[in-house]
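Below sits a lone chain in structure tokens, taken as the form predicted on its own.
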């Protein structure tokens, strides 16, 4: 029985990433430094405020930050820009000649490339968090954070391709990449738990897809046993994948009309 093409793309990309350990080591080192600095800052802040802020103890902040940073560090930070460049250069137009879904193939390939980095970050983050703050506050919740991290990366990739599809019309996705990155940092909960935000902004962030990209797994890893977060992530993944497919489909139709 022939293996489905998304699995082929995912596996081959993962194997290529594993055969080239240099970029993996650089990404891991960057992740360890940034996550450690942020975790230390939040730990100090929580200690200075009586041991907890918005329901997170200093130890929970440590586990939260190492997890939220892992969710984002596993990805190519300039993926939107690179995908936009491929659209503008015509590389995607050539890929459209293939019988397989272009956006589906690209997301599967990027997911495969990201998974080795993700699991390396998970292992490193777990060790560093344990050394600095002790064992995971709630092991059952921490275990759920692992599949949640995979869903977070998948949601992020789908959303990035939906944003990058703007290059079919504007030809330059750099501004789109800058805006998207800031949305994930703040509304996605990468830099801080959403509970830290003002009430109205917290409510807004909870209703947007960015919370599925960092906040959801970090919330679980910090000891909050909220399994419904995985359901929310699955729902957002379906929506974002559909949005990316719709944007690329509209872009393909535009190329056919203008002859690009």
Partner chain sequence: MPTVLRTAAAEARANQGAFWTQVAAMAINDIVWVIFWVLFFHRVGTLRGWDRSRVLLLFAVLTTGGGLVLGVTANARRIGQLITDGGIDAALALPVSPLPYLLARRVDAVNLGDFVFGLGLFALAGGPTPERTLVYVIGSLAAAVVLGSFLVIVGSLSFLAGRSEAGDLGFHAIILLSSYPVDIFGGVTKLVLYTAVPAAFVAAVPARLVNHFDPLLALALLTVAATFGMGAWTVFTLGLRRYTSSAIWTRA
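In this text, all values refer to a predicted model and were calculated from it rather than measured experimentally. Numbering follows the first chain given and starts at 1.
The same protein has a further form, the form predicted together with the partner chain, not shown here; the description that follows concerns it.
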*asked:* At 4.5 Å by heavy atoms, is each residue in 33, 195 and 198 next to the partner chain in the predicted complex?
replied: yes
*Determine whether any heavy atom of residue 20 comes within 4.5 Å of a heavy atom of the partner chain in the predicted complex, and answer yes or no.*
yes
_Quick check on residue 186: any heavy atom within 4.5 Å of the partner chain in the predicted complex?_
yes
*asked:* So, residue 42 and the partner chain: in the predicted complex, are they within 4.5 Å at any heavy atom pair?
replied: yes
*Might residue 179 be said to contact the partner chain in the predicted complex, defining contact as any heavy atom within 4.5 Å?*
yes
*Would you kindly say which of 225, 234, 208, 37 lies with a heavy atom within 4.5 Å of the partner chain in the predicted complex?*
37
*in the predicted complex, which of the stretches 147 to 155, 186 to 194, 114 to 122, 100 to 108 has residues with heavy atoms within 4.5 Å of the partner chain?*
186 to 194
